[in-house]
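Only one chain comes next, encoded as structure tokens, the form predicted alone.
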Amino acid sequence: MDFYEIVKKRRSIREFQSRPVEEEKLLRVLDAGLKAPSHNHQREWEFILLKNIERRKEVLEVEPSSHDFSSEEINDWTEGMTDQLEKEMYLKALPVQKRMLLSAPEVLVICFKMRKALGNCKTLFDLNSFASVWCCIENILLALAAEGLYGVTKIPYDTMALKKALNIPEDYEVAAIIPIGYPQKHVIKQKSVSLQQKMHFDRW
């Protein structure tokens, strides 16, 4: 598939078919992640695949943003949103936060090594390792689209509890949790953005 077609095809998906993800596709996707640029050329990224349903439930127990949202919570969350596409996304996303981690054929946890604890980072330079792991994640998202697969990046709230539950070393952090699979339903339309409106020359 042409690269630009893959970029257009990529979407965030939270509801999946029960169809398993072929191992060879998953391995190609993860290998594509490892081809991303790394701030220190070391590619200090680690992948945890949550195959066991009980282990996934452990993650849900320590991840406060993965509970079943009530109608009242959803209304409170979206009440002040003026952008209709943003509101539609949240109205579809919040009710399935827990379900997507339990029902996705694959759940990927992406970890990265930190030179300093996040709480001790004072400058953007200190966050180089955090920035480069997102290059890895973007490669994975694009590779998923190339394979006809989809996912969504879920950012954990309580990484300390998550690290303990998954036995992640102290000097590593969790960048994202990505449920992966074949899409079950039509994807939400992306917001249309004009390149000309985003470009600046010599100054803002």
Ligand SMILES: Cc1cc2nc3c(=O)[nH]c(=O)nc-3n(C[C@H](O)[C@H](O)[C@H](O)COP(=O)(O)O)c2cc1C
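Counting begins at 1, following the sequence as shown. Note that the coordinates shown come from a computational prediction; the quantities given were computed from them, not determined experimentally.
A second form of this protein, the form predicted together with the ligand, is not displayed here; the remarks below concern that form.
- Only one listed stretch (147 to 155, 162 to 170, 50 to 58, 34 to 42) carries heavy atoms within 4.5 Å of the ligand in the predicted bound form, and that stretch is 147 to 155.
- A heavy atom within 4.5 Å of the ligand in the predicted bound form is found for exactly one of 127, 74, 81, 89: 89.
- Under a 4.5 angstroms non-hydrogen atom cutoff, the ligand in the predicted bound form has residue 100 among its neighbouring residues.
- For residue 18, no non-hydrogen atom is located within 4.5 Å of the ligand in the predicted bound form, even though that partner is not displayed.
- Put simply, residue 10 is close to the ligand in the predicted bound form: some heavy atom of it is within 4.5 Å.
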